[in-house]
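As structure tokens, one chain now follows by itself in the form predicted alone.
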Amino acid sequence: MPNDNPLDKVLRLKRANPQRPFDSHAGRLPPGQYLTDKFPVLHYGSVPRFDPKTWDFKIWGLVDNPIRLTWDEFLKLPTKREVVDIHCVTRWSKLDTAWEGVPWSWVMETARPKPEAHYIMAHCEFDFTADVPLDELLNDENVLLAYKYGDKPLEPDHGYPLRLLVPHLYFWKSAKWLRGIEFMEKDRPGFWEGYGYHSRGDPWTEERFS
């Protein structure tokens, strides 16, 4: 009796009929992942309430220009739209997702990180954190401070009003309910990294756990 987990189902379908449309996605599905048309909701804890009058966003740490913005100020920043594939460490992948937000290049140009900054910590509601090597953010032009998905404001379950989008890494690095970015010289584990998840999280090499 075959194991009925979603990945095994996909692999059995491919072996049974190699001409299925699934094959058109060759090269876009990392090892150990299965495709979904849904957008699963996965997070630790409850969904925070958003108050635009008190919400702010900060950038600090090893930067020449620390930043603090209100929600109204944040909405006036330059934006870009990206269509990307996303991959969750729980093994689902969703293709051609559309996001809009502030490009990471704005962070670099405005905050001006110091040369000794090599990592960032994403700080979110309820003290949730996620660490990301700075090189991973610099080497992907699709990285955003995203506040729209599918041309609409993010839904609360998916991080409204703001989330980090780092689409080439496992999706827990795209931290929801983002409130700040801290630039650091040395790495330190974020929330899930403290429970044994990988410090980088590359889906193509299955960096699920450290």
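For every residue, the number given is its place in the sequence shown, counted from 1. Not measured: the values here are computed from a predicted model.
Beyond what is shown, the protein has a form predicted in complex with a small molecule; the following relates to that form.
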query	finding
Distance check, Asp157 to the small molecule in the model of the complex, heavy atom within 4.5 Å	yes
Partner contact for Trp172 in the model of the complex: the small molecule, 4.5 angstroms, heavy atom	yes
Pro66 within 4.5 Å of the small molecule in the model of the complex, heavy atoms	no
Close approach of Cys124 to the small molecule in the model of the complex, 4.5 Å, heavy atom	yes
Among the candidates Tyr147, Trp177, Phe57, Phe183, the residue which, in the model of the complex, approaches the small molecule to within 4.5 Å (heavy atoms)	Trp177
In the model of the complex, the residue from Pro40, Pro52, Pro153, Pro31 that sits within 4.5 Å of the small molecule by heavy atoms	Pro40
Non-hydrogen atom within 4.5 angstroms of the small molecule in the model of the complex for each of Val132, His168 and Phe209	no
Interface stretch in the model of the complex with the small molecule - options 87-95, 70-78, 110-118, 134-142, non-hydrogen atom within 4.5 Å	87-95
